[in-house]
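This document contains two forms of one protein chain, each encoded as structure tokens and listed individually as structure 1 and structure 2.
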Structure 1
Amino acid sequence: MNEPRIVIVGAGPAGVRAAEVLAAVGLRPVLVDENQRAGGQIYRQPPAGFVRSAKQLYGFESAKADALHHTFSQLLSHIDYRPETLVWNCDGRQLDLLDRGQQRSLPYSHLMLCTGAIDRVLPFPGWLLPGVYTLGAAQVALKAQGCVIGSRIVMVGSGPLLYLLAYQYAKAGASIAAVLDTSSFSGKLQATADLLKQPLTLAKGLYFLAWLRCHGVKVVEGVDKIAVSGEQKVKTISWHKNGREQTLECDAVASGFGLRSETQLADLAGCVFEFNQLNQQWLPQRDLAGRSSVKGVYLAGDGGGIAGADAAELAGKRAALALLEDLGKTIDPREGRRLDRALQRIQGFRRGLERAFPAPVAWARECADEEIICRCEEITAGELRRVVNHAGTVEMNRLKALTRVGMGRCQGRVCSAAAAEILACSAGKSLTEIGRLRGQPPIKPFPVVVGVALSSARETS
């Protein structure tokens, strides 16, 4: 029997744990990752030679980060690790890679997608001004570059990352002018029963909030109508609370309204999708063990549904066990059942987080016509609404064809969530009814010279 060609995409918690399980039985998976060093977003490591302690970088999670990094260092001689390598296409059981500037192809017999997540972006007035970042980008600046995004910073949006990042920034010495949370205190109270399913994690979140308040950081819950103003850069941010407008001077804003799974490669691999109410997103179908609808393709971590770093490690192990089982290797079924139970407990907590930190329900209705939704193609909310009203469009790919929304460099990774909300609201449909954008390669930008070379090669062949 030929040796299976196993490729793992993503060296975050899920990818590293999956590689660990596979290497333990003598397999040698290929681990492909865009970053210079393993760890993913949550346990992102700074560049070599850039010194900050694990405690400074990861806070309460430093022991978990150290454990994952140590595991990875022990794995290096047992896997084929390819850092700084972008996977930009998946076709015919083959991946197209941009490997440190060079185009390469990588066939596989088994594919493990641990592709992580991206911020859910909901535009507001001033969101394109210099000085406005996503929460994820602001976290990368701190962890990977050791810098902060401004001298007087406001964090705005919804989700646990809002408070975690504000705490990390403040601990690093940054000045946090305010944390503006679009979710309400009452909503968080209603979610308490589910949140108590992981009491330690809940306690950490409460600690972050208490620490910020005790250190004089302004925390406002239940805000809406956010707007950033300035000419060449951010100068102020305004918001409404109980119908009253308030304004604050600042020079940087980090915003985010939860996370969305990165599912483009699963789409190109041919996986069947279904709408997930908890994540409010179309996700590839998978069983409890991580098997997708395509034989030999597995999903683990936030790329298959947002659940956090602890769940990602468990899901990586579980999917690797499923892969081994599918190869006909003997596994301990008790370990699979243990991982399944642990993942189900985390899902309960996850339901609580969604209730505590919902995306703003009135955003699509209140977004102004002149607001740019797709920054790559400069498509406004008004243009999307006119197509819905005049052409009767009720489907996402039709909206894309008529407006070019999602056709730019980001391929809809940034704008598709907001465009879908606008379409659903304008057409009087649910997010399920309007469908999803089909994935198209390249799923992420690559240099023009690579595209030209590929085109020339195809013409020659």
Structure 2
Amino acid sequence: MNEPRIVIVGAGPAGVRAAEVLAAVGLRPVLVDENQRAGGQIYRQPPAGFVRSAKQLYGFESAKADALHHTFSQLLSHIDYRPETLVWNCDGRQLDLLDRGQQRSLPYSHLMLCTGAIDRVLPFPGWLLPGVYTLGAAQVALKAQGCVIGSRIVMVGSGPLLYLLAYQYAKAGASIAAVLDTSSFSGKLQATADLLKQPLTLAKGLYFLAWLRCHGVKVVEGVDKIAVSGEQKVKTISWHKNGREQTLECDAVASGFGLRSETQLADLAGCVFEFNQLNQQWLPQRDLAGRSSVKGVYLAGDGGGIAGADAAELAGKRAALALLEDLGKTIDPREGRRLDRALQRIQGFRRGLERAFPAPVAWARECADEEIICRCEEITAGELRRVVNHAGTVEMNRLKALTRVGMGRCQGRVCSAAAAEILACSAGKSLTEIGRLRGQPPIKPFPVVVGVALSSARETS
């Protein structure tokens, strides 16, 4: 039998742990990563020469970050590591890479997708003003560049990242004017039973909240009707609480409404998708161990469903074991079962988080017609609704064809969640019924000049 050619996409917690398991039995996987350094988003490392300590960068999680980075440095000589490399296409047998400015093809026999997540973006008035960031982008700024997004910052949205980021920013010395949480206190109480499945994680969340309040940060739960205004950049933010409007001056806003899995490569690899109620997203089907519907393609970490960094490490190991098993190698079944149990516990906690931090249910109904949903193509909510009403559109790809929504640079990575909500709400359908955008390569923009150089080289050789 030919030597298996294993490619792992993503050097976050899932990808690194998967590589570790494979390297331990003498396999040499290729680990492709878009970033300069390993760690993913959660344990992102600053560029070489930056001097913030792990404790400063990762807080409570610094030991886990250190451990992952340490594992990775030990792995380096045992794997084929390709940093700064974008996987922009997959045809079911090979990947197309943009490897530090060069096009390369990379055939695989086994593909492990550890592609992570992106913020769920739900537009609100003023969301396109300079000074408005996603929570994820604000966190990248802090971790990678050691800078903050403003001098008087408001964090707004829903999800655990809201409090974590506010805490990280405040600890780094940033001035947080307010934390505005669109989920309510009572919802969080109802979720307590599930949240207690991870008492330590729950305790950390409560600690962040208490710390913020102790340090005089204004924290408001159960807000709605968020609106940012300003002339050339953010000047004020307003919201409603119990029907009363309040306004605050600020110069930067970070917003986010939970995370969405990055599933484009799984789509191009031919995986079957199904609608996942917990994630409120179409996700590639997978078994407990991480096998997708396509033989030889595995999913681990947030890219296959949001479960956080701890789960990603476990899932990376679990999927790698499944891969070894599929290669006919003997694995310790107890290890697999131990990982399965641990992952199930986290999944219970995750259910609690979704109940505690639901995406704003009334968003699609309340979003104003003039709000831009697709910023690449400048498509408003009103245009989407008009096509639904005028042409009777009830399916996502049709909406894309008729309006251009999701056709721009982001290819729907940013706008498709909001567009789907608008379509479902206007057409009176569920998110399941309206389907999902079909992926097309490149999953991120690809420079023409690279293709030209490659084509010329082929001609002359």
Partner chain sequence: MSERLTADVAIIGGGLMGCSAALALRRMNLSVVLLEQGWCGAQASGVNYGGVRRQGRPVVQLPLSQRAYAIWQRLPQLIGSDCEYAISGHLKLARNEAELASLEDYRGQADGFGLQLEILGREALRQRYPWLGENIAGGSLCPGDGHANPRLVAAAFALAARNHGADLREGTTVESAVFDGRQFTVCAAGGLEVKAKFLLNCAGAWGAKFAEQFGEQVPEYPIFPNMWVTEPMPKLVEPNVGIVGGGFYVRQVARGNFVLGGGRGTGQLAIASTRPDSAAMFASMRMACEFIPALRNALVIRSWTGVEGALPDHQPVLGPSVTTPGLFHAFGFSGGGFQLAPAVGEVLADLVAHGATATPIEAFSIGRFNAAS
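Fair warning: this is a prediction, and the values are worked out from it, not measured in the lab. Note that the rigid core is defined as the largest set of C-alphas that superpose within 1.5 Å between two forms. Residue indices: 1-based, along structure 1.
Of the two forms shown, structure 1 is the one predicted alone, while structure 2 is not.
Taking 2 Å as the criterion, Ala24 does not count as shifted between the two structures: its C-alpha moves by less than this amount when the rigid core is aligned. Fit the two forms on the rigid core and the C-alpha of Phe446 turns out 2.8 Å off between the two structures.
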